[in-house]
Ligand SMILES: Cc1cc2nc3c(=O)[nH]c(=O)nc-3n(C[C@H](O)[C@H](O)[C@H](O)COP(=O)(O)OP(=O)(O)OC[C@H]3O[C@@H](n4cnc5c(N)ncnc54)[C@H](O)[C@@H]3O)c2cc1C
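Starting off, we have a lone chain in the form predicted on its own, written out as structure tokens.
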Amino acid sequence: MTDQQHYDVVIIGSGVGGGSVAYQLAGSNANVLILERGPVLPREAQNWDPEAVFCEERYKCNDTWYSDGRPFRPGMFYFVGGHTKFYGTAMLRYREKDFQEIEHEEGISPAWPIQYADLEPWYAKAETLFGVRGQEGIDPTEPPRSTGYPFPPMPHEPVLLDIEKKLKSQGLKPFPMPSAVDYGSGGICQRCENCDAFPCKIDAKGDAEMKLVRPALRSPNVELRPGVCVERLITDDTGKRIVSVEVKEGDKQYTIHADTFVLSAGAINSAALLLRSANESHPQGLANSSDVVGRHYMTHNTSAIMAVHPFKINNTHFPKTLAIHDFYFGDGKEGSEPLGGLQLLGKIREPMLRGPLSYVPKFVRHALASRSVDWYAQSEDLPHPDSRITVRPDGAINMHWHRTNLPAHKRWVDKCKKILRGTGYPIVLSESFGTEVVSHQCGTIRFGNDPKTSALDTNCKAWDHDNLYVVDTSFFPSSAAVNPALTLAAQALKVGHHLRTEVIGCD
């Protein structure tokens, strides 16, 4: 091993968490190194080719993980910018009540150690950085805001305008889905059909590379090193401080030293890295004296729903402009449990149906896709200590997803189907997502106020180590029922500010 130069801060991962911290440290007096295991995603014709993205799985990682012994290839993407290179641009705040304890049919969604008000100004900053388009005052569960959205919402296309009217006629309160897209006057978005689950080859998507990492790299104190995989964190003899990371870059292995380390590899990989870094002082893995690292794994209970009209072609290009939260906390009746949210998906096309509907002739898949309006039903997945990420003897990741809240999710999907039939679509099909879909992974290194029951404090610093911060969705105590990206960005910006002002000592 060859030791590389010493840095003030090493950030492991270049997604929303790591990118937000790097953004906050840009221009400070700290030498900052971002390590990313993947490359910069190439801008190429295949970015917008559903055959390449969905059938050939051109950009999906080649890892083999295990689900209780069954091998599978996870839906992970290792590129500068992380999963946001492929996300659907949805940027929603957690509801104010999501930070409080909420009773569900199958258990409790625990309270966070911080309140919504603690993150509200950082939510506003994140919305500005990502260029979120939305409209306040319509979502019935919208939390209090100190500012409006920085940009007006994406306008509905004709098919969706008609659906919005029919939803309102049912007494519902549909609202424009907040979306991070560079659209409108001076924007570069072409309003194409290749956004949700596709990388953007013209860089119009508000992802972590475009909005956080690239701006940070304009400062000479921030360096990015792609293609570098961190294999292990090394502590000093006391076990209290991280002194270096062992990395692999192609065929080379070497060590990088730093004063402060920020782990932002994603909830699953961050937990696995801490477990793989076990030593004599920390035989259960780093940051794990509480035995919570790897536990409480959550992703959302989600289902894709296709509302089909046999005689109507849906020629919508950018459909992710509408959402419904009327039943997010229940149906309003006393004692009713939360159900979840419903939002539009990107436009489904025939290659995307080839896997789940492989037994259906191609012309039927094409007919379904061309006539469907596509939705995403989302319910909360509750934390359970046996829902767990572990590391096998060969170093591979094993997942045991102890699924919760499924009866409530089924009721929500059934209610969504009834709502969508009420918009004039007589055929409504649904398909739930399984273990391989890890887009909304969270909860494996939870933060809290008690080192006996959490791994991190409210600044995302490990209780067990003086200079280790974990800043990705692993710190989430609960998953709520909205997309996690904006909440992660808000907390990561807050942590980055703390590092800049309190740890590095830069104004």
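Predicted model, so just to flag it, every value in this text is computed and none were measured. Residue numbers run from 1 along the displayed sequence.
Here the subject shifts to the form predicted in complex with this ligand, a form of this protein not shown in this document.
*Asks:* Identify, from the list L35, A30, L468, V53, the residue with a heavy atom within 4.5 Å of this ligand in the predicted complex.
*Replies:* Of L35, A30, L468, V53, the residue with a heavy atom within 4.5 Å of this ligand in the predicted complex is L35.
*Asks:* Quick check on this chain: which one of A90, I256, V373, M210 has a heavy atom within 4.5 Å of this ligand in the predicted complex?
*Replies:* When this ligand is considered in the predicted complex, the option within 4.5 Å is A90.
*Asks:* Indicate whether the candidate residues A22, V222 and L499 are all in contact with this ligand in the predicted complex, with contact defined as any heavy atom within 4.5 Å.
*Replies:* The answer is no: none of the three residues contacts the partner (heavy atom, 4.5 Å cut-off).
*Asks:* Is V230 near this ligand? Define near as a heavy atom within 4.5 Å, in the predicted complex.
*Replies:* Contact with this ligand, yes.
*Asks:* Taking heavy atoms only, is Q46 within 4.5 angstroms of this ligand in the predicted complex?
*Replies:* Q46: no contact with this ligand in the predicted complex.
*Asks:* Answer yes if any heavy atom of S14 is within 4.5 Å of a heavy atom of this ligand in the predicted complex; otherwise answer no.
*Replies:* Contact check for S14: yes, within 4.5 Å of this ligand in the predicted complex.
*Asks:* Decide whether K320 counts as a contact residue for this ligand in the predicted complex under a heavy atom distance cut-off of 4.5 Å.
*Replies:* Yes, K320 sits close enough to this ligand in the predicted complex that at least one of its heavy atoms falls within 4.5 Å.
*Asks:* Okay, which stretch from 288-296, 266-274, 362-370, 301-309 lines this ligand in the predicted complex, with non-hydrogen atoms inside 4.5 Å?
*Replies:* This holds for exactly one stretch, 266-274.
*Asks:* Taking heavy atoms and a 4.5 Å limit, what residues of 463-483 are near this ligand in the predicted complex?
*Replies:* Contacts from 463-483: D472, T473, N483.
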